[in-house]
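Read the single chain below, which is given as structure tokens and is the form predicted alone.
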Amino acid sequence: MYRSHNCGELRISNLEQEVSLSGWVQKVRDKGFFIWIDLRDRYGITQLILDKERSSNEIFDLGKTIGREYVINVKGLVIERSSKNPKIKTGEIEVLVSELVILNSSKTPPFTIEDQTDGGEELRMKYRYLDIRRPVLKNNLILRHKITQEVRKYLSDKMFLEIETPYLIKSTPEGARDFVVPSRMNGGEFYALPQSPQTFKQLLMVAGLDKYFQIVKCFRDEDLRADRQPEFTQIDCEMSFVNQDDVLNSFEGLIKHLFSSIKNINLDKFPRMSYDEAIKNYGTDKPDLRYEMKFIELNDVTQHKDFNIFNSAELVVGFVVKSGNSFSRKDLDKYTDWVKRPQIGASGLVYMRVQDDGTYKSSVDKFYDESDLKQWANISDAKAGDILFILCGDSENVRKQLGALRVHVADNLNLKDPELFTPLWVVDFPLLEWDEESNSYHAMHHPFTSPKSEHIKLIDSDPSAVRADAYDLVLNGNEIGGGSIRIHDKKIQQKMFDCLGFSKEEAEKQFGFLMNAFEYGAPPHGGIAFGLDRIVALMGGQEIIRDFIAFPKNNSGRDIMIDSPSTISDEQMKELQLKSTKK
């Protein structure tokens, strides 16, 4: 028997029991007449003791040869620890070893396998199987398991069917770049890996299955960042005979269930905010509501003096930082330099202090007197001890710039409490967005998103004014889900393709199967897809998803553990009818 108990299981109630344990050696402490070994498995740590007087010479000498990460099996007697450890669940007992077997030796690990490790990120990703032994990473993967189990349970109880859709599909021009897979049997033709099961789940609604879900891998060949991987996991869902409220209420229930069952947190009803309101007040369609700093438009109180920078701007806008008067001049210079970086692109930063005595001081005192600054304070509700940050420029860019500054200030002031959760539905997105490079409209979500019924007539005359039955779920400034009511009428779908610049031939080639399906009684339907990786990370108190995926890619899209992507042989290239790029 390798083990009668796991390493997190034994308690004081197990005293005097003969037990068998197996696991990895976390630490060895050799004190001459005593050897203590911390034995670790997935479930916890148990302390072993080898005693010169009570253990055989053979066992004691074998214990002296053991190193970190050796895999061992022991048998022994549970005894009470003389020096208890309240930090671990097994801290009141230890096992007096009577038998010891080395199941496998180990090289010295390249980094310390503890929560606080000395290994850099690239090194730990190369030895990911060792990194996962660290409790922090192991617990992240356990959290992921628990969340996926609760998702399946909740949706199954709500009569959703879990249905698999294909991984080898056809490439389409909308969205991000596809990963393509050459077909050996159909030379010169390619499959694409799905960015989403979008059209398949719509076809399942046409097929009459009513409620679908799938926890599914998706693939996008795009630039990476902390919250993005080339392959990611979605909780993909679709429902028939629903409107927007039906979908939002259904999946608000799912997220509430996850927080209640996993974290014992009861979330209130999720507020809703239009896309236009989010952009106007926060400069982003995924505002973080854990902190204030709502935008205030200041044109009326700033564009009446000789400060031409404000006078010539389409928009003068700012936000108040509570207790920001404590910022030093050096702090303010850093913020000014930050917004002037090319990534942000602001020309400068204006600020106004409301000093502790209630007087005002600004970086543009040359142009504005005390009565002017008092107006600024009144309209922005800035109080003694606060500071008002102001940017100006064209409306679209300046709101984005101020939104980025708002997040930067929140980071610096530690306003992002990882245990505070503020979900928000953002609704009424534009159906289309204009792309300057291609000089054409693109679908903001995807080409199957339904316009609001009252806006269909605007598609031909004023496409930019059309709003969609589209919605995102935002959590702590992160988009964790997005979806829409879908077009289910072939005529409207064709109108959408026309607006996006598809010829009838192109639309037929790319999406003819869907258009044909709409001729056989497609029901009204809609759905949503959640980013599982992001949900798990946020519920785990983080924003970087990499540590919540067992085997992630690095920032270059590489798996440095298995050295992928890699080249293939000339023979394989020939079979696939591909030309080699080797020189």
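Each form is matched to the other, and the largest set of C-alpha atoms that superpose within 1.5 Å is called the rigid core. Since we're looking at a predicted model, the values are computed, not measured. Position 1 is the first residue in the sequence shown; the rest follow in order.
Note that the form predicted together with a further copy of the same chain isn't included here; everything after this is about it.
J.: Name the stretch, out of 117 to 125, 442 to 450, 390 to 398, 153 to 161, where some heavy atom lies within 4.5 Å of a further copy of the same chain in the predicted bound form.
T.: Going through the listed ranges, the match is 153 to 161.
J.: Which residue, 109, 482, 463, 91, has a heavy atom that falls within 4.5 Å of a further copy of the same chain in the predicted bound form?
T.: When a further copy of the same chain is considered in the predicted bound form, the option within 4.5 Å is 109.
J.: Counting non-hydrogen atoms within 4.5 angstroms of a further copy of the same chain in the predicted bound form, say which of 259, 167, 270, 307 makes the cut.
T.: Only one listed residue qualifies here, and that residue is 167.
J.: Determine whether any heavy atom of residue 103 comes within 4.5 Å of a heavy atom of a further copy of the same chain in the predicted bound form, and answer yes or no.
T.: Because a heavy atom of residue 103 falls inside 4.5 Å of a further copy of the same chain in the predicted bound form, the answer is yes.
J.: Check whether residue 62 has any heavy atom within 4.5 Å of a heavy atom of a further copy of the same chain in the predicted bound form, and answer yes or no.
T.: Contact with a further copy of the same chain, no.
J.: So, in the predicted bound form, is residue 530 in contact with a further copy of the same chain at a 4.5 angstroms heavy atom limit?
T.: Answer no; every heavy atom of residue 530 is more than 4.5 Å from a further copy of the same chain in the predicted bound form.
J.: With a cut-off of 4.5 Å between heavy atoms, is residue 19 one of the residues that contacts a further copy of the same chain in the predicted bound form?
T.: Residue 19 lies outside the contact set for a further copy of the same chain.
J.: Pull the contact list for 197 to 219: residues with a heavy atom within 4.5 Å of a further copy of the same chain in the predicted bound form, in sequence order.
T.: Result: 200, 203, 204, 205, 206, 207, 208, 209, 210, 211, 213, 217, 219.
J.: Verify the C-alpha shift of residue 574 between the shown form and the other one: is it 2 Å or more after superposing the core?
T.: Comparing forms between the shown form and the other one, the residue 574 CA shifts at least 2 Å.
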